[in-house]
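Just so you know, structure 1 and structure 2 below are the same protein chain in two forms, each on its own as structure tokens.
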Structure 1
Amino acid sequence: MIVRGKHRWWHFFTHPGAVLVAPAFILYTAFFVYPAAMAFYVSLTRWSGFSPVRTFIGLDNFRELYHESLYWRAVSNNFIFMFGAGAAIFFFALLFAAALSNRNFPGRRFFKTMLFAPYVVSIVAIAVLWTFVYDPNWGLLNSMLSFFARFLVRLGLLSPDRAQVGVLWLGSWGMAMPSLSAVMVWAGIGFYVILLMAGIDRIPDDLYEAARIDGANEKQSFFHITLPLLRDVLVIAISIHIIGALKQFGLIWAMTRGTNYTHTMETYMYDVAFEPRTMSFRMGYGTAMTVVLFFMVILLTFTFNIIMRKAEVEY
């Protein structure tokens, strides 16, 4: 800030506004800017995280990262959560939000509460619950499948030797990611339903009334009024989902401890940096992953917002 006239640039620091902003600026610098700058530096070193010695190795961590297949598998898992689970979340969120925004919908308050309840539950509690559901030996899901298989055997529609059900929901390549995505949808959909309902509630009723007078049905009103006017809310909701999908950690770690086929970027980063199984701590290499994740979050959210950018919706 340059002040013209008799004042000099250092007078900015004695301005009442600067004095008010200073505490927040100091805290922000101390707890965000400085750690972020240190993370960039650590990513260029070979460091265990415990030794006072850091060996500067330049971009070697990033080169190793580029050639590591397990890391790219973790990245692909994040994108499965982003696009696969995201598509299901927003499909059902729009469906439920449109239905529950109708004040004549029976049991409206009950269903709103039931949808939002999983979102306020601890992610670890959700992980424990669904681990019991997915247990291959005595889990609820396999028990139900076994009961159904025995029923088919009694009807003669299934041979007894094929009635043994023991699906490895979290222990096989083909089932682990869909199973975890289903938990993500169940746990997170309530937040997006409430967010979209808030957007729908601020759309003037006059528009729907005019559409009904013109002969539009509910489906046409949804696609030509509700959905276009929810654009700004959807942009915010999808941006939140993108960031959450890229930073997915708690649910995956609590349910699977991060395996070769369920690792995300953050679980693999934790595994590499702290390595509880082999005790081979690689803080520099793990921090390089955080730097890549940082730029990935910025790039994807910025690109998405640029693509979806539009003049503010006016009613």
Structure 2
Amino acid sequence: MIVRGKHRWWHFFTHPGAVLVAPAFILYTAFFVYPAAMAFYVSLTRWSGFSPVRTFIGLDNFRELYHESLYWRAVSNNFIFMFGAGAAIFFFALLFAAALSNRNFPGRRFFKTMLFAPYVVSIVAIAVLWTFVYDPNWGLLNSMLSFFARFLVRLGLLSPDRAQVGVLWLGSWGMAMPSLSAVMVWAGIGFYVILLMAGIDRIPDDLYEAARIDGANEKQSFFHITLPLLRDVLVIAISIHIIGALKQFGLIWAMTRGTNYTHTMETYMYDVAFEPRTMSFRMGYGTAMTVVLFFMVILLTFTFNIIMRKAEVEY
């Protein structure tokens, strides 16, 4: 080792490790840890963002949140996206990953690329693209439907007066939630397919070879080797999805701006704290929402992982 001579207190700061870690440490502390800690205090205040006056009001923000129906609507929307879009994502992702892991699957490479491509595209671009798809007048979906309707009319299966298609895909809460979930599935599935495929690929060859020598067919080795061993990766993937669903922002904001009761926690927070059109600028109240979100993220990932670990012992 390099001899540094007698240790003085300042040697702590001149140690190469300390010097190299310093820029990251300082930036991260000043602009990440400090604001994160600060958030807990801000959530206890009333502040407009412009005035220097910041009033300490204790837990009033949280009390108000508890009684605000629009906020609960936003929370429940997050959970609807989590379960609704999540069920579809994991159903299809498992199916696709299992099929695409088969090396003779036709068009394997193309499908992988195609499913994953939305992952690299800005969520705003995806939102704008799908607003075009959902546009009631000239959108892709309605023009497809009316094309189909005209086709049915020509075949005599549909009366012409019922062939006018004008579905308002984002026009009401009941329509918008499935429509938005569909976009989430389309945009998000590639990531999970890739993750699951990597998980399948990671399973050691000898297991399959041993199974083959023991006379197992391909179907048996899929259900008794691949699926059970995929469990760890699936747990990680679902945790990632849970966190992502709680933090849903860009897509909703760019597509509906929270109209028709489609707010999520983060869009509602943005609306309340920052949106110039809303003119509410309630910074403390908005921060209270993100503090609740923070605890939700921690709590949900924790409980989910504990439940899954318990089940693993039983397995």
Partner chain sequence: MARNEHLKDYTPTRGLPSGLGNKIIFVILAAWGAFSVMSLLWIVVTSLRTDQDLFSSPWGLPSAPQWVNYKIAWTIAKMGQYTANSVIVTLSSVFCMVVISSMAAYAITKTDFFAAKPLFFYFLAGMAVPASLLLVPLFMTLKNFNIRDLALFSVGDYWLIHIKDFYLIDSRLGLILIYTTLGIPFTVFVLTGFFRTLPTALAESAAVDGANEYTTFYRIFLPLSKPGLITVAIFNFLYTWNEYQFALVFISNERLKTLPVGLYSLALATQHSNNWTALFAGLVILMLPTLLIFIILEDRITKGLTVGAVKA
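Small disclaimer: the values here were computed from a predicted structure and weren't measured. Residue indices: 1-based, along structure 1. The term rigid core refers to the maximal set of C-alpha atoms that superpose within 1.5 Å between the two forms.
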In this pair, it is the form predicted alone that is given as structure 1
C-alpha of Lys112 off by 2 Å or more between the two structures on rigid core
no
Large Cα shift (2 Å or above) at Tyr28 between the two structures, core-fitted
yes
Look at Met175 and decide if its Cα position differs by 2 Å or more between the two structures after superposing on the rigid core.
no
After lining up the core, report the Cα displacement of Gln220 between the two structures in Å, one decimal place.
4.3
What's the distance in angstrom the Cα of Val153 travels between the two structures, core superposed?
3.5
